[in-house]
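Below, in structure tokens: the form predicted alone, a single chain.
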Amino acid sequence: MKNNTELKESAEHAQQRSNVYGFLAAVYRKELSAELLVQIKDSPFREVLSDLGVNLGKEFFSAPEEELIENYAIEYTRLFLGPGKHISPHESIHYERDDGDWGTHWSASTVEVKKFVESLGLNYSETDRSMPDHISVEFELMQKLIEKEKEEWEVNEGKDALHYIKIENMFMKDHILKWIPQFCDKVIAEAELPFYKEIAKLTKKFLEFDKKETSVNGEEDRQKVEQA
């Protein structure tokens, strides 16, 4: 069983992972807002992004706020909304299922994610931009699962942390990893301004890291909990 120091470290690590998923969910959910822009430009957050390898360029931090928001609203619309050719941020569009039920909204993957979310007793906002398999909703689900894991480390000495780690790992393998890396490649190729290109690179890098976290840590924590 983990000691107090290890429990605290596990909780802090879970909080960090949850924060990244929350940030990515906010970025992909809608156009860049003034509030999010202020957060990104804040020195501590800017340093965190830099440590993660995100290079937004000097112009991003020196250009007038209104200009940035307008330019990136146009970029967001062009990339993710259309009406012309765009990169739909939905699993059902990108994940090429063996049963052939993919390529349109509300196909089999959408239904599966909806059932997964509902099985956990969670809800989502049913808007045209946040169907159950929208990238921001899937990231928000991971954020909430990791928050539950963090609570277990803090309150119950990790008693049910393994339960949430297993769910995180399952959702990663069954949904997120089956389409988001490819989605990011398309964004990297099509983005004209640095922000979404860099965020897509960060997304791919973080998911590769978190895939290892949910599998390796899950096995380590399983052994420690069962030996307690």
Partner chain sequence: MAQLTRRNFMKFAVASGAVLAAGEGMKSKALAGDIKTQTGRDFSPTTKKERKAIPSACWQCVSRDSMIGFVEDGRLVKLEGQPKSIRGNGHICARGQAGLTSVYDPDRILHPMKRIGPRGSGQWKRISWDEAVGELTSRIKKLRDAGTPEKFLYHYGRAKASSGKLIGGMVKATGTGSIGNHTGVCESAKWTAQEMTWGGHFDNWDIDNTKYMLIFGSNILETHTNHMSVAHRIMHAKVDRGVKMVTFDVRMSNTAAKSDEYIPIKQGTDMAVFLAMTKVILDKGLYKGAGEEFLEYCKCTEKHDDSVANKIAALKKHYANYTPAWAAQISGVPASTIERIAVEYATTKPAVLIAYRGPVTTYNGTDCERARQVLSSITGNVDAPGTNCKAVGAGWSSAAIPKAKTKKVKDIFDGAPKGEPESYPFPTHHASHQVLDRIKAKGPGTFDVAVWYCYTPVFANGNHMRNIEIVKDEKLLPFVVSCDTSYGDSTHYADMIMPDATYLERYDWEDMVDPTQIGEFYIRQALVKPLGEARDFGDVMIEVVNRLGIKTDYKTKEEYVKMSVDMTPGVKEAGGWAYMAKHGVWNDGKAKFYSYKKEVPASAIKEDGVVYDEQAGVYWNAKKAHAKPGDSYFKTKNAYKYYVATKMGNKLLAGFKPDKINKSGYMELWSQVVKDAGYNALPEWIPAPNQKNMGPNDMHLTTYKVCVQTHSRTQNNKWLTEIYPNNHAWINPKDASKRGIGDGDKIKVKSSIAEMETYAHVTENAQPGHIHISHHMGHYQYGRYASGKRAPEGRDDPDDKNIHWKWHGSHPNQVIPNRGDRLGGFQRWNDTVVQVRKA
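Numbering follows the first chain given and starts at 1. Note that the structure is a prediction, hence the values are computed from the model and not measured.
Keep in mind that the form predicted together with its partner chain is not shown, yet the notes after this line are about it.
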{"item": "Heavy atom within 4.5 Å of its partner chain in the predicted bound form - the one residue of I167, L193, I176, L68 that qualifies", "value": "I167"}
{"item": "4.5 angstroms heavy atom contact with its partner chain in the predicted bound form for F45", "value": "yes"}
{"item": "Partner contact for A63 in the predicted bound form: its partner chain, 4.5 angstroms, heavy atom", "value": "no"}
{"item": "Distance check, K211 to its partner chain in the predicted bound form, heavy atom within 4.5 Å", "value": "no"}
{"item": "Its partner chain contact in the predicted bound form: N19, any heavy atom under 4.5 Å", "value": "yes"}
{"item": "In the predicted bound form: members of 140-166 within 4.5 Å of its partner chain, any heavy atom", "value": "E140, L141, Q143, K144, L145, K148, D160, H163, Y164, K166"}
